[in-house]
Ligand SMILES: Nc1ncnc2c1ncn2[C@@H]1O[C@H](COP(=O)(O)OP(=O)(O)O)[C@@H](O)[C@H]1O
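Okay, here we've got a single chain as structure tokens, the form predicted on its own, with questions on binding and movement later.
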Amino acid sequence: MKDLVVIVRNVWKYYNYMGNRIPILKGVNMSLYRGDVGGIHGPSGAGKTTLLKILAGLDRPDMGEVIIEGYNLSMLDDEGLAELRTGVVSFIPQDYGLIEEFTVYENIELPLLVSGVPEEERKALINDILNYMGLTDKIKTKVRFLSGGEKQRVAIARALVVTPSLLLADEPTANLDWENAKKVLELFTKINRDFQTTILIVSHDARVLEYTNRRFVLIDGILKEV
């Protein structure tokens, strides 16, 4: 039996709006096994990004628990959650989260600097991931000069360089035409095959689900597997 990487149990999340407590996630339950590629489809405002941020330890649920690779996130303080993101979980935001004035190399290097990886080891890891992602010719290019598809690949490379068990992608195709979107989705498939990385993608585009083996729908805060 495959290892469970993600366990989400009865997760609720509320936001306060004009004095009212509004539920964003309503008793969400899900699990992902090692090697799964999960896709969550749903409209804007359904709670998709909120759920991803909770899985990444960037936000906390108001009720319920999340367990990633055996770590119960509710038992970790902020420092522990930050450490989780240096090798267990990587999160790719919709806007890529890159520093436009930094080069491709410098952007990919950031999580390794945070983790305290020695310089020679950093160089080797970055060169390997640049080669794997087909970005070697962009190594000294500033991010602001890249196309949307290239920025997405750099964001994926930065997330992958710390060899996470779980890779979370928030609307990775939203800023791309469908031809470039397919290339990004095929890249996720390749990463999953080559590294057995568990991947979870959220998208408002139902076509993304064609590239997953676990398919979920999130509507009005309620998650269902389909």
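Fair warning: this is a prediction, and the values are worked out from it, not measured in the lab. The first residue of the shown sequence is 1; numbering continues from there.
From this point on, the text means the form predicted in complex with the ligand, which you will not see here.
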(message) in the model of the complex, is there a heavy atom of the ligand that lies within 4.5 Å of any heavy atom of residue 12, even though the partner is absent here?
(response) no
(request) Please check if residue 49 has a heavy atom lying within 4.5 Å of any heavy atom of the ligand in the model of the complex. (result) yes
(message) Please determine whether residue 24 contacts the ligand in the model of the complex, using a 4.5 Å cut-off between heavy atoms.
(response) yes
(message) Is it the case that residue 45, even though its partner is missing from this view, gets within 4.5 Å of the ligand in the model of the complex, heavy atoms only?
(response) yes
(message) Just to confirm the contact call: exactly one of 36-44, 65-73, 173-181, 158-166 touches the ligand in the model of the complex at a 4.5 Å heavy atom cutoff, so which is it?
(response) 36-44
(message) With the ligand taken in the model of the complex, which residues across 95-110 come within 4.5 angstroms through any non-hydrogen atom?
(response) none
